[in-house]
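There is one chain below, alone, in structure tokens, taken in the form predicted on its own.
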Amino acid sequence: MPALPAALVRDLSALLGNAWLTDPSERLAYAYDNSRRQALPDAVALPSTAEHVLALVRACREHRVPLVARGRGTNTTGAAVPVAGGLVVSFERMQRIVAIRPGDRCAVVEPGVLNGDLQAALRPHGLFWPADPTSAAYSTIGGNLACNAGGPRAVKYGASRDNVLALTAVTGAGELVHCGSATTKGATGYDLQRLLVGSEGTLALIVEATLRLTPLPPQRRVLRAVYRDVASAAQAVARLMAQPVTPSMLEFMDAHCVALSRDVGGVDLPREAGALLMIEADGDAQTLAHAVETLMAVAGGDGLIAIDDAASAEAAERLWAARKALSPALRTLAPGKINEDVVVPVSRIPDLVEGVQALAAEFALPIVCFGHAGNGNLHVNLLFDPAQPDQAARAQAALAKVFELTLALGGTLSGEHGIGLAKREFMPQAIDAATLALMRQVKAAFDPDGILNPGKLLPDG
């Protein structure tokens, strides 16, 4: 029997029936996320209504039992791992699309709705929700909101936080709160819905979200720009984002990624390519041609080997598929991987890429960069063999230097993965003491007994 108070077990078992899981084999499925960290919860609850969630939080607060919210476990920072034991609340049974309101350009959804399922439901209405992480097909809206997921389209359309209008949530104090409204303008009090987005389940559990929708663009064009080296590509990114035509996607790949896309993904790319930019423009027929012409001109310059349209829709899809497969494909280069998603001002991307290359040489480890260059958000992947203690130690030392470099360039620790367990020790370097103290006060106001996702995001002290 789980190490939980008998009264709590009795009450929640009666409330949830077969949606209350205590068998060790069942609990194990909720013990880990995509960070590959693991900790067994004492029990798992599968609520199907907001009333269930309210009862769960109130019971856990009464008995001082930790509570960790979970979507589908795609998080890479350990944010969904129940390191303090207690209860995992999985939202897999709260997956209703409550309403799609094309006239208001909004949708009302429960947190367990898959991002991909929502996009499919919106398509007949000519709409989409802009957040599109690599895991969109199997990550939940609640999980996307918890870590402020972005994806390639964030460069033009914004991340999750920019596309949420209202939230209903249960605070750690066991109160049901409603934040925001289904309007695109509002000046009525504090902007609490944006505060909850990115809070990683440490302040409240989202039970319903009203999302801001965007019309699907009628046409898209994908450009592929191949460069001699990463410095040339990084300089092109800075130029592209300094001119008026905003690409709908702007993705960067270094030489390692180009080789993987060619040799593993089957994409036709020249052997001499040292870096690649994938540039997408969208719009109507009248404006798209001008946008593509402008982007092609600006992407040119020193170091450019070739720039062209993806030859067909199938070729464009193959290129995007290879980009989305990069993260798992990196394990063909080394069995161990630390994947961080640092962000710098776009004008400092050349400095970030140059600095990361220098760190790779200093620590004698492959460090692979790709990601959402239009936002200054690069995925820096440190590759090593965990079976070699010296390599593992060098990887950790290099990681600290990557964060140090990022902050020195005016950047921040995470663009879309969040902090979780993986980066909380670095928070005092990124955020001053007074601001951290204010964050702890906010946490205490929402979660006075500290039961929601303890040990995550905020450092001790």
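In this text, the rigid core denotes the largest set of C-alpha atoms whose superposition between the two forms falls within 1.5 Å. Residue numbers run from 1 along the displayed sequence. Only a predicted model underlies this, so the values are computations on that prediction, with no experimental measurement involved.
Here the subject shifts to the form predicted together with a further copy of the same chain, a form of this protein not shown in this document.
Chemist: Given that a further copy of the same chain is not shown alongside this chain, does Ala121 nevertheless sit within 4.5 Å of it in the predicted bound form, heavy atom to heavy atom?
Modeler: Judged by the heavy-atom cut-off of 4.5 Å, Ala121 is well away from a further copy of the same chain in the predicted bound form.
Chemist: Does Arg271 reach a further copy of the same chain in the predicted bound form if we count a contact as any heavy atom within 4.5 Å?
Modeler: The answer is no: Arg271 has no heavy atom within 4.5 Å of a further copy of the same chain.
Chemist: Taking heavy atoms and a 4.5 Å cut-off, does Asp263 contact a further copy of the same chain in the predicted bound form?
Modeler: Contact with a further copy of the same chain, no.
Chemist: Even though a further copy of the same chain is not shown here, does Ala236 get within 4.5 Å of it in the predicted bound form, heavy atoms only?
Modeler: Although a further copy of the same chain is absent here, Ala236 would stay clear of it in the predicted bound form, with no heavy atoms inside 4.5 Å.
Chemist: Hey, of 110-118, 263-271, 346-354, 92-100, which bit sits against a further copy of the same chain in the predicted bound form at 4.5 Å between non-hydrogen atoms?
Modeler: Comparing against a further copy of the same chain in the predicted bound form, the contact stretch is 346-354.
Chemist: Identify which of Leu304, Leu195, Ala315, Ala297 has a heavy atom within 4.5 Å of a further copy of the same chain in the predicted bound form; exactly one of them does.
Modeler: It is Leu195.
Chemist: Check each of Ile141, Cys147, Ala131, Ala80 and return the one that places a heavy atom within 4.5 angstroms of a further copy of the same chain in the predicted bound form.
Modeler: Looking at Ile141, Cys147, Ala131, Ala80 one by one, just Cys147 meets the 4.5 Å heavy-atom criterion.
Chemist: Are all three residues His178, Ala242 and Asn375 in contact with a further copy of the same chain in the predicted bound form, where contact means a non-hydrogen atom within 4.5 Å?
Modeler: Each of the three qualifies.
Chemist: Listed by sequence position, which residues of 201-240 have a non-hydrogen atom within 4.5 angstroms of a further copy of the same chain in the predicted bound form?
Modeler: If the 4.5 Å heavy-atom criterion is applied to a further copy of the same chain in the predicted bound form, 201-240 yields Thr202, Leu203, Pro215, Leu216, Pro217, Pro218, Ala238.
Chemist: Superposed on the rigid core, does the Cα of Ala364 end up 2 angstroms or more away between the shown form and the other one?
Modeler: No, Ala364 moves less than 2 Å.
Chemist: By the 2 angstroms cut-off, has the C-alpha of Gln286 moved between the shown form and the other one once the rigid core is superposed?
Modeler: It does shift by 2 Å or more.
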